[in-house]
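The data below hold one chain only, encoded as C-alpha cells and taken in the form predicted alone.
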C-alpha cells in the first residue's frame, strides 16, 4: 500500500518516528532495511542532550522516557544524515529550538545536509518551553512560518494533545505553511512509583508512549481530519498492521512507529509493513488514499446521537457454549446468565450498553433490534 505525504511518494505508509532508536545514521539504515517508507531522525537542536541515567522506564502500562533530544551535536548530524541517505530512502529531520529564529537556523542546516523534509518538534512534554508552545496556536504559527520562509523542503508540525483545541493549533500550522501535521507527541506522565523505595521510576516528568496512548492519538487524528484540510501523520501506540490501518481509516495519510521498536526490535517495522501489504492485497487496496478517512462517517457529535432500542443477542445460527462467563461478569444490568456453559440473555433487562459485545472473546454476541 503506497501513500503520498507532503509530496513525497512512500512505498508504505509506515514511517519510523523520532526517538533513540534512530539516534544516528547506522540506526536509521536499520529502519530502511526493515522496510520503512521513511525515517525521522532523533530530534536535533543546537544543544546536546545530557543522557540522564536512567532515562527510559517501562511496565505493563507502557513506556516513559525523559530523552529531550539528540545527544549528538547538530554538526555531527551532517555526517549521520549522509550515512543514512546512502540507502536512498526518504529522510525527515526532526528539529527543535526555543525561538523561531533558532528553529529556522537548525532547519536550514538540516536541509543543507540533505534531509528530504522536516518535522518540527514543538510539543515535547519534557521541555517546559516547548509544552507552552504546543498549547498556543499563535506560537506554533510563528515557529512554523519562520521555518517555512527559510527552507524549500516540506515542513510537518508535531502536535500535542495537551491543548484545549487541537484543531485550532492544526489550522494555525496550516496557515503558517505547514505541508502536514503529525499527531500526537507523547503526553506528559509519571509511569509509576517504586513503593519499596518511595521514589518515582524516573526522576522527572516524561513522555508517555505505547499501546495505551493509541486511543488518545486516534481521537486527535479524527478531530483534525474532521476540521482541518491538512495531511496527518498518525503517531501513538502502533505495533501491528491493524493499529496502522485504524489511523488511516480515521483520516491519517501515514503513520509513525516508535516505542514498538524499543519493545520488539527493528523487526517490528517489517512485521507492520508486511501486515499492511497482506491486508491491502486481500482488500484490493493499492494506495492509502483509497481508505483514508473511511471510518469518519461513523463519528458524530454527542448531541447528534439518537437512542436506538438495541439489545444484546447471540449471533444468528450460532450458540455460545464455551463457558467463559465474561459476559455475565461484566453485565451491570444482570441481563446475562451462564448456566452450565450456555449463555442466556434476558432482553427485558438489557439496556444495550455494548460492553459484553466488545469483550466477548468468541465474538458471538451482537447488538440488534
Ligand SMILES: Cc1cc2nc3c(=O)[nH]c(=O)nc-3n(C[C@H](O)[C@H](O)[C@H](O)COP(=O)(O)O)c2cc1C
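Residue numbers count along the first chain shown, from 1. Because the structure is predicted, anything quoted here is derived from the model rather than measured.
Note that the form predicted together with this ligand isn't included here; everything after this is about it.
Of the residues 232, 235, 173, 166, which one places a heavy atom within 4.5 Å of this ligand in the model of the complex?
Result of the distance check: 235.
Within 4.5 Å, heavy atoms only, which of 118, 244, 124, 84 is in contact with this ligand in the model of the complex?
Going through each option in turn, the one that passes is 124.
Have a look at 306 to 314, 336 to 344, 40 to 48, 25 to 33 and name the one stretch with heavy atoms inside 4.5 Å of this ligand in the model of the complex.
Heavy atoms within 4.5 Å of this ligand in the model of the complex occur in 40 to 48.
How about residue 213: is it within 4.5 Å of this ligand in the model of the complex, going by heavy atoms?
Close contact exists here: in the model of the complex, residue 213 approaches this ligand to within 4.5 Å, heavy atoms only.
Taking any heavy atom pair closer than or equal to 4.5 Å as contact, tell me whether residue 19 reaches this ligand in the model of the complex.
Yes, residue 19 lies within 4.5 Å of this ligand in the model of the complex.
Is there a heavy atom of residue 331 no more than 4.5 Å from a heavy atom of this ligand in the model of the complex?
Although this ligand is absent here, residue 331 would stay clear of it in the model of the complex, with no heavy atoms inside 4.5 Å.
Does residue 258 reach this ligand in the model of the complex if we count a contact as any heavy atom within 4.5 Å?
Residue 258: yes, in contact with this ligand in the model of the complex.
Even though the chain is shown alone, can you say which residues of 65 to 80 have a heavy atom within 4.5 Å of this ligand in the model of the complex?
Counting only heavy atoms within 4.5 Å of this ligand in the model of the complex, the contacting residues of 65 to 80 are 65, 67, 69.
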